[in-house]
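What follows is one chain in structure tokens, specifically the form predicted alone.
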């Protein structure tokens, strides 16, 4: 069975503040990414290409905290992180703190496929992007009026949602292709008003992203400092590998128990070796979707819809 799952971040608007029009817009964005990623699999494409395709579409959608529409740093700039992992070969690529790469997930994939390294950061990562012929844009390209307003609120000490998303947003995808290969990809702008070159879990293999054909693929979203300390993505796979438990049980043990007890908010999407999709989140909601060759398809925001 080939299948794919995507997420657009944990930490949604409270139900009372989610207008029908805004909910429809988010669902449209999720559906576009989900359908594009699934189409790759349905044509016989690789899981790596499928997750990169889905994430790239979410990066281009200004509603989500990745690429265009990413949150702003304390200095009102945008700094982007991303990673991707191929479960067949345990190959991975990651980038952090880039300012001008239109689609960070494409650069992370290039690092994985065309360099001897796993992670590149800042100016060096952008130099590599130029060498690979990737599209670079001015930093202002990523900024939206919504994110500017969000930063202004944070800087004056107002932390209420005020019809904007919380700072937990990230986008990601996991997939199993027809050949049985798994892959995971994650991309983010990080946290609103982050400082000093802060990097979260998204580009850290084992924290925000992990894939191993034998067990599972995981993409995480949430408060990155906690996800790094728990090594969320790898911990879930390790529990499947060494504990012999189901992916659903492993995900809940990490997200709903271990992570929650530490005060870490967020969630994950994951897929097992058979292509079964699992989601787990301890926030009010998580933008997500899944589609598989057995006919199942779902797009949801809250626990019940």
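If you're wondering where the values come from, they're calculated on a predicted model, not measured in any experiment. Residue numbers count along the first chain shown, from 1.
Heads up, the form predicted together with a further copy of the same chain isn't pictured, but that's what we're talking about next.
Choose one stretch from 170-178, 133-141, 148-156, 195-203: the one whose residues place a heavy atom within 4.5 angstroms of a further copy of the same chain in the predicted complex. Selected range: 195-203.
Check residue 239 for me: does it contact a further copy of the same chain in the predicted complex (non-hydrogen atoms, 4.5 angstroms)? Yes, contact at 4.5 Å.
Residue 90 within 4.5 Å of a further copy of the same chain in the predicted complex, heavy atoms: Yes, residue 90 is a contact residue.
Report yes if any heavy atom of residue 106 sits within 4.5 Å of a heavy atom of a further copy of the same chain in the predicted complex; otherwise report no. Residue-level check for residue 106: no, no contact with a further copy of the same chain.
Evaluate residue 71 for contact with a further copy of the same chain in the predicted complex, applying a 4.5 angstroms cut-off between non-hydrogen atoms, and reply yes or no. Heavy-atom contact with a further copy of the same chain at 4.5 Å: absent for residue 71.
Suppose contact means any heavy atom within 4.5 Å; which members of 102-140 contact a further copy of the same chain in the predicted complex? Read in sequence order, the residues that approach a further copy of the same chain (within 4.5 Å, in the predicted complex) are 116, 117, 118, 119, 120, 121, 124, 125, 127, 128, 131.
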